[in-house]
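Single chain ahead, written as structure tokens, the form predicted on its own.
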């Protein structure tokens, strides 16, 4: 095992699937790793691999200069780290919060941390547990740049790419919210597509190869449309929103003919029709971004 100074020790709070993956990656990198979880017993395999299991969050935090927390939401973060003894143990140390929540909650936690003498970085993990410790992992970070640079060598033990976004502590969470919006909206659409296909006698296995093809055309569309959205010019030369509404109506009709809830597609169609009603029928579909966010 590589020799490390006391400053290179790390603590992981929260041992759900992602927390366990984070701790395992630190261990694999040879870092002295202390772990703690509110529900006892989840540290067994990690301890067998060389981690130190702490009996309390206070003990865990006191063991390392860097603490990484990854739990279900910021309510859970607050319940763990804002307790008097734990907050005291964190003073003068750094807390990296990889829990998913909202930008406002990240900013609130940063304010609390500053008031208690705690170095604070917020982050987001954009890939599943299986990617942690591999080149496929994707991590986003925001907060004081000096603090990020200081701890970057240890964060590199988690593998993948680490992108520092901004001094704005809420920036990583903002990216997280937007990117998860894409993911869950897409998954909801896929689930609905599978239901409609099954009603028409098409199995999920039969549809999947073609669904992958649809997914593959999205990345270049994302790239090309980003400039349009930022500039406010929404070209519909190749596919005007009037054409999009027509195909959406077909989906709604077929779904409801089978008794399948089409409320998500109805909502999308409704937005598109409102854009057309405002005189933008020749524009592209992403004109609805201005309808959704008039600011």
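Residue numbers count along the first chain shown, from 1. Here the structure is a predicted model, which is why all the values come from computation and not from measurement.
Below, we turn to the form predicted together with a small molecule, even though it does not appear here.
Of the residues given (157, 118, 76, 89), 76 alone sits with a heavy atom within 4.5 Å of the small molecule in the model of the complex. The single contact residue among 113, 169, 125, 96, judged by any heavy atom lying within 4.5 Å of the small molecule in the model of the complex, is 125. Only one segment in the set 235-243, 44-52, 64-72, 252-260 has any non-hydrogen atom within 4.5 angstroms of the small molecule in the model of the complex, and it is 64-72. Within this chain, residue 37 lines the site of the small molecule in the model of the complex, having a heavy atom no more than 4.5 Å away. Using a 4.5 Å cutoff between non-hydrogen atoms, residue 129 counts as a contact of the small molecule in the model of the complex. When contacts are judged by a 4.5 Å heavy atom cut-off, residue 165 does not count as touching the small molecule in the model of the complex.
The closest non-hydrogen atom of residue 284 lies beyond 4.5 Å of the small molecule in the model of the complex.
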